[in-house]
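A single chain, nothing else alongside it, follows as structure tokens in the form predicted alone.
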């Protein structure tokens, strides 16, 4: 059996295996020359003290012990097997498709957007303040919203599936092995497109199909059972349908309602994106003027309660960029991402507050269970009116926002389309503005210097999660009223990130196999 040792080291020592290998050998009680393999199984940063430390958990194998077997993936050929329709090519849809292949089913994957390379061109056009393609943007296309994101892989949902296997699947398709042991692993927006392309190739090589430019416009039902979907005039049949469309596919919620398929309004969160100089966040978190070459760009996670409602940071992107995430030209929506090196001079994060059912109760009479979606849309449309032309976002310096005054100038920003000064606190819903203002005051007490006019707020961060849940039975994971319909992932209301969505997709694929095998 391998020996496990835990070392607490200075960052420069933890970065060099030649320096920590003798320390690991001494801690394990073995001779250094007897070590056959030393591998990191977990790495985390402890910055609570003046001098940040690195905690390394290491597995140590000696010459006489068998080395760990490599993980293999063998996807069988399913070209002539039973077909299952998978709607959406985000993490839930892609991992559902891979798992269906492992279970011997042929996935027919439908994606309203474009393949990665074509999608890259559309995203570049949006960043230049060009036209927004409603089917190919930061939210829609191969890989879903995750393709152009930080690629964060940390999840608290590890009990819902095989977390390690999900990470191994990403490594098999091109991710760096570091994601297997980092405490808060991420891939980076520069690496994700290639990984998504490789996953799509695996699905096709195994006999699955991918249909891009295929927006689902209807559901084919027969005697309470779904038998397929419609993409315009085309009908695509399957033994079951996995609905993994992501949280921005509003037309899908509308189509479900029009088809008489029940959906439910649910709480969600909205707010803004906040951006600081990365050097400022480093100095606060690491207690130093410069972090040096052996520490990563510092991050933070903040949460508080304001009048009984949560206010918290969301999707924090150290060394990252703010990007335009709208799916319609009438909206202003922003999100964040980071490259794998996290080497931008900016740090950004969502800063959001809880939105509960009672906050949009006035819209229920007209919009029913889609009232939260409409509340979200109104927020985005207001931001567009108070922003500039095209994707130029409304913005306000952080200290000005907290003090309730206008910003006469704005700092530099990573947001390529540009920003324009706006009194965010005057046009956003007061329930949002008041909670964010008080939340910022609390956060500044925990991270002194967080509220500063070196930092800026951009509007709006509204796509943290879906405002609608598609119900499913706890035992079968099917929609309780439509046999064969399996809601999955973030868009259905059952996940909150790349890995949790991937695990949910695998879970759903197993439920599909149980259903189809028993029909």
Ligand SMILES: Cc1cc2nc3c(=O)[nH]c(=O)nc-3n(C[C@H](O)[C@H](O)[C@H](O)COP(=O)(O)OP(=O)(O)OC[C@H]3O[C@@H](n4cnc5c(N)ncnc54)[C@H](O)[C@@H]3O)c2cc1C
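Numbering follows the first chain given and starts at 1. As the structure is a prediction and not an experimental result, all values here were calculated from the model.
One more form of this protein should be noted, the form predicted together with this ligand, which is absent from this view; the next part is about it.
Among 203, 180, 249, 116, the residue placing a heavy atom within 4.5 Å of this ligand in the model of the complex is 249. Checked against this ligand in the model of the complex, the candidates 272, 419, 175, 323 yield a single residue with a heavy atom inside 4.5 Å, and that residue is 323.
This ligand is not shown here, but in the model of the complex it comes within 4.5 Å of a heavy atom of residue 150.
Mapping the unseen interface onto this chain, residue 92 counts among the residues with a heavy atom inside 4.5 Å of this ligand in the model of the complex. For the chain shown alone, residue 394 is not a contact residue for this ligand in the model of the complex, no non-hydrogen atom being within 4.5 angstroms.
Taking the partner from the other structure, this ligand in the model of the complex has no heavy atom within 4.5 Å of any heavy atom of residue 268. If you check this ligand in the model of the complex, you find no heavy atom from any of 318, 428 and 457 within 4.5 Å. Of the candidate stretches 365-373, 302-310, 395-403, 106-114, only 106-114 has residues whose heavy atoms lie within 4.5 Å of this ligand in the model of the complex. Residues are counted as partner-facing when one of their heavy atoms sits within 4.5 Å of this ligand in the model of the complex; in 172-203 not one qualifies.
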